Structures are given as structure tokens and as C-alpha cells.
Ligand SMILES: Cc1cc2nc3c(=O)[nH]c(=O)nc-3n(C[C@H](O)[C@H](O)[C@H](O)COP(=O)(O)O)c2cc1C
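The chain below stands alone and is given in C-alpha cells; this is the form predicted on its own.
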Amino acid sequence: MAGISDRPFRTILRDFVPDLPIVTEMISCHSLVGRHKNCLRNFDNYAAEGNIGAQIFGAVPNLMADAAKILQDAGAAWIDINMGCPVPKVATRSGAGAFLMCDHKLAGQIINAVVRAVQIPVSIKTRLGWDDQHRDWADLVRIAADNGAAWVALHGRTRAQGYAGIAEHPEIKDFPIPIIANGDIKAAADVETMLGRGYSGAMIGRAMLGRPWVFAEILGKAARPANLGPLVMQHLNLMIEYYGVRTAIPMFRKHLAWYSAGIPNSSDFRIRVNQITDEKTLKNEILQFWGCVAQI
């Protein structure tokens, strides 16, 4: 998820699930190949991050192949091709993401080019279709298999739905490669339901916002920390180390909203922190809100 599953957040996730497969935030093949300096994710090294899949998006097969090679050299465990992002910047103006559900020929060319360019597995992330009149996900899954993809993650909504409504997860039968369920999966019972429908696994996205322990919770290995304060402070420090104070503090406000959701007086807390630009002031607010003791 762009702007969320960055290296600082992945570090927090890893503390709970050292071996679980994790996917990076979405990376533009143009930005990556061009080595755009204003995009830090272009220079991440995954060698120490464990089982990390690097997700790329784009609509030019040779550029996607070049981007995949860069990510392989940076230590990615596999390459994931985004064919489901619904935002206009990606899906309409760039002809990438979910738009590739409308152009299966180009989708196949991209998958083939990426598979041929690297020696690590390649997967795709897609949706049920462009809209209710074009729910042709099964065709795209078979095209992915024919062009060498190792598996597909399927979000249970169309591009037209965005993230509205309830995700639908069709039964999976007779497909040549594994399909991973995605969409509205929040707990162990949801995963069990997906396995019962024929999926080979489940992918969690928005359910981890403010809940980086959710994967360990589902696996029965950990539960919600009694006090989130130290965890929040660790996350903020990682953000500052990665982005610098000026960029990290406004970026971290969304995480503070997610971490504090449902806690008494959280609305007032969010109003206060959304006005703060100073590192020490923000950390003091965190310490007071969660009543924790941490190094600032």
C-alpha cells in the first residue's frame, strides 16, 4: 500500500512475524528505472528484510522488466505486478494497475517480460474485474499462469467499487496456479473461510492499519500489546530515521489516527497532533496519551 507499507512500517511488522511474506508499497517502474532521488523506496535494500516481495506498476513491458531486475538485485524475494490499483493516477492516466484488466494482451506481455527478466518468482495482484459488467478475473489468472506467474492475489472487488461495499470471494476451482484471497480479511476465521473456498492463502491490507500485530494474532503467536505507546514511539523513530523529521512528522499523523482509534479522548488527541511539527512536542503528546515511558 503506497505510503503505508514502507520500510519503517515493515520493520514494525517484522518484530511480530519474522518469517511471514510481506509486500512492499507500490513502486513505479518509471521512477525506479530512472532512479528518481525524491523517492526513497527506489533505493531500499531488502537483503536484511527477510521474505519481501517488491510490488511494481507500469504499462511498458521492457521498463517493468528492467525494474524487476533492479529489485531482484536489491534483495527482493519475489516480484509482484500490480494489476489492481483503482486510483485514477495509476489506472486511467498511466494505463497501469487496474487498467491492465481491460487489456489482457498487454497484461500478458508485461508478465512474460518480467518473468523472463528475473530468476525469482513473479506474482500479480488484481481484482474481480473493471466493473460488474466485466468480471473477467478468471481469464486474467489463466493468462498470468500461461506467462509464467507463480501465483495471483485476488482482491474481492471490482475497480469501479474501489474499497466500497463488502468484498466478494468467488469459489476457486481448477486453476493452474495458486490464488490468494484479499479484501475484508481481518481475523483467523476469515482466513479459514478463504481456505474453505479453495484459496491457497490470504493477504491482509487495510486490516493491519494501526494493528501491525494482526498477522501474529491470526497465527496465534501474539496479541495486541497492553500499551501501544512504546510501539508507536518506535514506529515514529523509524520514520524519522528514514525520512527525516520534516517529512516524517506529517506522514506519521495517519498512523497516529489508526493507532489511537477507539481509545478514549482520541479525537482530541488527533486534533492536537495534527497541528504539531516539532519532534519533541509530538513525542511528549504520545507519551501523555498512552501513559508510557520511552526515550525521547
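Position 1 is the first residue in the sequence shown; the rest follow in order. Quick caveat, the model's predicted, so the values are computed rather than measured.
We do not show the form predicted together with this ligand, though everything after this point is about it.
Highlighted residues 11, 235 and 255: none comes within 4.5 Å of this ligand in the predicted bound form, counting any heavy atom. Contact check for residue 159: every heavy atom lies farther than 4.5 Å from this ligand in the predicted bound form. Within this chain, residue 112 is remote from the site of this ligand in the predicted bound form, having no heavy atom within 4.5 Å. In the predicted bound form, this ligand sits beyond 4.5 Å of every heavy atom of residue 95.
This ligand is not drawn, but in the predicted bound form it has no heavy atom within 4.5 Å of residue 147.
Listed stretches are 69-77, 217-225, 151-159, 137-145; the contact stretch with this ligand in the predicted bound form is 151-159, by a heavy atom cutoff of 4.5 Å. When you look in the predicted bound form, the only residue of 205, 121, 210, 201 with a non-hydrogen atom within 4.5 Å of this ligand is 205.
Scanning 1-29 for heavy atoms within 4.5 Å of this ligand in the predicted bound form gives 1, 2, 4, 25, 26 in sequence order.
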